[in-house]
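Just one chain is shown here, as structure tokens, and it is the form predicted alone.
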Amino acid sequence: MIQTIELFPGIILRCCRSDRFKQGCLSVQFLRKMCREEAAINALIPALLLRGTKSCPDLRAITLRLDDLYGAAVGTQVRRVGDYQTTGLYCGFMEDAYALPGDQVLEPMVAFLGELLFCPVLENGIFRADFVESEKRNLSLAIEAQRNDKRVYAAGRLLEKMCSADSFGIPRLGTREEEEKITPQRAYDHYRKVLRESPVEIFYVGAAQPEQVAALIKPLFARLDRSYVNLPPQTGFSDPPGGSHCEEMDVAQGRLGMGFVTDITLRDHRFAAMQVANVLFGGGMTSKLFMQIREEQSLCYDIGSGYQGSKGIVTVTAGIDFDKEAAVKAQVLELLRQCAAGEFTEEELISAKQALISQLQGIHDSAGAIENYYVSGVLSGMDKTPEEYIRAVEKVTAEAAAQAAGTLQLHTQYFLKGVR
């Protein structure tokens, strides 16, 4: 059960009380509307906050402080959820019950998290230039790493082509071009803007009472001068068809991408049926795409589909030989037709539902998984608990799954192939 507490206008604390874990977790995320000009700088801000505070001015001092908190950990958290991007920090820490007699962890952990968020080490009133340049290099390397992983790169390029007029096509970490424009002054000005304007989502998983957590966190935000701007609701996908695109690169294996659209998002009562349909189609090792195109016909090295429920997008990606593009495309469309026509067995349906249920049952295996599920759900507009979601999956009929598959329409195609 999640308890929601509004600390201040636009600052929401959500608590999942559980004594199952030796470690609790706490995340603080500032919500921004996803836009190309902000994506990179939003991704950079939490990394800068972890470089130092007034009392812990460098990484060594931060590490020593965390060691004193029984080896607590703090990391950056940058998410893209539908039309939103989040920027913030996540911390994991030992529960007070497992500390030495008389020691507390939660209270000093919250205090230190507040210090990280609101008291960064500065130079001449702005972020230190060497810290900014160092973290810009790290961000650049992270962006470049996505380009070097051709599976990730091709999937990203498909979304860019598909969502050319929608913010969902913007890379989660932004672009190199926008990263290069960041200066210490601009980074600090944007940081202050984020604190002032952004809706804030705080999520806690642990054994403490929600009222206790609220009492610890609320004073941290009381000092902020806020004039927050509420974000518009999440929207579905409505870009016009994106056509077919081909890109040449020095690669040994082709990467095929096919993007499909549906009017079913996770805010729709048919969401569970769409999830089941996706697993039947290509979302697992028992799916039609995997079993027939890879295992039976050996037309690809890997293949699978993913459902972006926040927007109503299903993407199919595959690693193939360059001359297999047409054959694989034809087979993907044929297998989608079979799913929409209900041409799957009861065993296939049961396997798909069991795979989804197994994933949902695993959410309660860690505090981090609980945080990820609920925060993503809250930001996307889904209000089901894992247990409610499981019951919805169990009720999906063959007819409902087929009808959901029938809503999928091919929107955009992308192929990455070798240089001639």
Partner chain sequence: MEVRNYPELKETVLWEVLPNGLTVAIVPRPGFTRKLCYFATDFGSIHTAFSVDGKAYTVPEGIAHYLEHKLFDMPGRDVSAEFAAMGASVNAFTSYDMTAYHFTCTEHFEDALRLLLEFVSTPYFTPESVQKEQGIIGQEIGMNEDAPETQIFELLMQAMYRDHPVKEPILGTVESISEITPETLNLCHRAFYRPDNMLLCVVGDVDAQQVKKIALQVIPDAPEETVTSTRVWQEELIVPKSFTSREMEVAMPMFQLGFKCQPLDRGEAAVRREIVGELAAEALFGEASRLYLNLYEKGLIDASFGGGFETVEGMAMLTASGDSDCPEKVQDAILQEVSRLTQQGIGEENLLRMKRSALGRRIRGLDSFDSVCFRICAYYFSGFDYFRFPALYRDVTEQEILDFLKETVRTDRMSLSVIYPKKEEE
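Positions refer to the first chain, counted from 1. Rigid core (definition): largest C-alpha set, two forms, superposition within 1.5 Å. For clarity, every value in this text was computed on a predicted model and none was experimentally measured.
The protein also exists as the form predicted together with its partner chain; that form is not presented, and the subsequent description refers to it.
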| Is it the case that Q3, E180 and H245 all touch its partner chain in the predicted bound form, with a non-hydrogen atom of each within 4.5 angstroms? | no
| R147 near its partner chain in the predicted bound form, any heavy atom under 4.5 Å? | yes
| query | Even though its partner chain is not shown here, does T63 get within 4.5 Å of it in the predicted bound form, heavy atoms only? | reply | yes
| said: Against its partner chain in the predicted bound form, would E197 count as a contact residue? Criterion: heavy atoms within 4.5 Å. | reply: no
| request: Using a 4.5 Å heavy atom cut-off, state whether G88 contacts its partner chain in the predicted bound form. | output: no
| task | Would you kindly say which of M258, I264, I320, M109 lies with a heavy atom within 4.5 Å of its partner chain in the predicted bound form? | result | I320
| request: Only one of R137, R192, R223, R337 comes within 4.5 Å of its partner chain in the predicted bound form by heavy atoms, so just point that one out. | output: R137
| Contact stretch among 160-168, 183-191, 214-222, 282-290 - heavy atom within 4.5 Å of its partner chain in the predicted bound form | 282-290
| In sequence order, which positions of 220-252 have a non-hydrogen atom within 4.5 Å of its partner chain in the predicted bound form? | M249, D250, V251, A252
| message | Rigid core aligned, does the Cα position of E180 differ by 2 Å or more between this form and the one not shown? | response | no
| message | At a 2 Å cut-off on C-alpha positions, does M249 qualify as shifted between this form and the one not shown after fitting the rigid core? | response | yes
| request: Align both forms on the core first, then report whether Q297 has a C-alpha shift of 2 Å or more between this form and the one not shown. | output: yes
